[in-house]
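This document opens with one chain alone, in structure tokens, the form predicted on its own.
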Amino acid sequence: MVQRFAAGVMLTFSLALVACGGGDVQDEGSGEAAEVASAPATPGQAIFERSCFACHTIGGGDLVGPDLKDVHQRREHDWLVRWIQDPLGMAQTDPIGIELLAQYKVPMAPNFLTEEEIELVLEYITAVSDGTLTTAAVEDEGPVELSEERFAEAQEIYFNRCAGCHGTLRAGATGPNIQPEITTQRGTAVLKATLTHGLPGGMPAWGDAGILTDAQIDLMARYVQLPPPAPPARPMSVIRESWRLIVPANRRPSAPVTQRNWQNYFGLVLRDAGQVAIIDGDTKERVTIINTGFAVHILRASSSGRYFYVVGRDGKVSLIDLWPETPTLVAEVQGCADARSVDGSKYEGYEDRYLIEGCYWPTQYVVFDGLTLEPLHVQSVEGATFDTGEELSEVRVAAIVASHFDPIWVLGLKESGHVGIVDYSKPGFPLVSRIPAERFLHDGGWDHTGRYFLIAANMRDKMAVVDVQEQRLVTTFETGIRPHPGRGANWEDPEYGWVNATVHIGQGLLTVYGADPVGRPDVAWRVVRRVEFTGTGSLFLKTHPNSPWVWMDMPLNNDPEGARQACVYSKSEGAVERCWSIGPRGAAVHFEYNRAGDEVWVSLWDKQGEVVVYDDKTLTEKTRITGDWVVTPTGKFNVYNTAHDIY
């Protein structure tokens, strides 16, 4: 069982290239030599290279974790088995485990190995230690220069697969710092092993999953040892040049033309195709496909629901009008070089009038006309950390939500740890407040009243609660290893009243916390349920007022089989109802309800993808949306639910 550390012991688990579960910690290993064989000689070696190699050597000296040579002579066999089975629990309760944590500073992440696999890997370590089995020692050649063509290829892969967690400048946030002073210590062989097999704390197994080729993994292992290139600026002059008004507002329908139930449309992200499919939620028919920005991150419905605002990771924003017979792209613009979030104005009198885009790079937000996407204002969010006052070169705008009760947008300023308030009723759309909260703010949404903004500070293992009405931080509290709630989930718990919840990238855990400071002040913003399930790498959970369930995914599980799983939590029982595989390939990711709340849609994220539709009451499969056009489907957004912030 995965256990949590006591208060005061900080878990900074890695998503990637630093350690098996390690955070931004530099070790004293040189990375000059690594143990590797051209092909695994035993099953135990294969397990070691997949689960242990990025952190441990056998006779090569300490890395992030200790050298394992002769470990069978230093520790009892039963102790080693228990340690591999439950490293987090033993680091909290076992005297040796506590000593190891104090020495190496970061705990070992759970590997989820079976008893048979544990025995095989221990046999392998023993054989190598005793000299009965040898592996080739490979001298690491260190950083190498890349041709202009190869460097450009690596840049594209990094932007596509890595920058979201590790940052444009590789300084880390959701994932750790992977700048050259750290990656060169690890060395090429360790980096390649990590990229290939992933890590239990949430680093995807890019190689094992078939997403990156061996050649691409070799390239990336070398690229991240070189200094990051200087990213481009994007001033207003450049933004305006990108603006394209395709259908002026006065040439659009004044009332819905389509006979379809457009408020039950779904916008489906076709990630790698750079497209969004509009699907009729009643008939499950594809209505149209629209070319958008690359790797679309989210869609937001305008306040009226008439428009979909689409943002790609390349910063391109697309405006889709849903009232024509066929939904139509009516405007587009690129406000950022890298982006994740947009939202429209929702306060009475400002419906559909303005749109904000938050940039991952440059460090700014951009405000557009909500009907035409004409750029109106660009504002830097550069600044210092809320706690130490350190000036930062990278402050990314993460989650954005629009208040229904005030003319404001609420922004998560990731690296600085502030929650920003932008007032769109004032000239210049100013950032009127920076509320100190917690560093590494990522994703979040509203509580059930729309007064409190609940956002994950995932590399601090916390949720932050901001009272938007009073524009102040209420509290922060620990939840688990790297919370990632998406927009979160609100429901009435039979014992604790209104609650909200999050899943976690770093462990299989649903954390439920009280969210009713009026009706249940005794449990408000306190963890009331911790529900464990098998697997790591969760990104989203979702529910609906009409549903008895909360759905949870785990697409960043480094086990490809685990990545296909979904779990369902029973609101009435306060426990996981069941977990099952959504399909034979890809990763199960992101849930969305139809308007009625009686169906759930989940994506199988794969080049040959599918969208699986379930009857929410019975948890039985109703249909699968398939076809050559269903390329890497990820997020799905129902018009009505998105416009009304139902989650």
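Because the structure is predicted, anything quoted here is derived from the model rather than measured. Note that residue numbering follows the sequence shown and begins at 1.
Beyond the structure shown, there is the form predicted in complex with heme D, which is absent from this document and is the topic of what follows.
For heme D in the model of the complex, the listed stretch (159-167, 515-523, 229-237, 563-571) containing residues with heavy atoms inside 4.5 Å is 159-167. In summary, among the residues Val527, Ile289, Leu539, Ile211, the only one with a non-hydrogen atom within 4.5 Å of heme D in the model of the complex is Leu539. Shown without its partner, this chain lists Val589, Val600, Cys55, Ile47 as candidates; in the model of the complex, only Val589 has a non-hydrogen atom within 4.5 angstroms of heme D.
Ser341 belongs to the set of residues with a heavy atom inside 4.5 Å of heme D in the model of the complex. Heavy atoms of Asp443 reach within 4.5 Å of heme D in the model of the complex, making it an interface residue.
In the model of the complex, His504 stays away from heme D, with no heavy atom inside 4.5 Å.
Within this chain, Arg313 lines the site of heme D in the model of the complex, having a heavy atom no more than 4.5 Å away. Using a 4.5 Å cut-off on any heavy atom, the residues of 267-302 that reach heme D in the model of the complex are, in sequence order, Arg271, Val296, His297, Ile298, Arg300.
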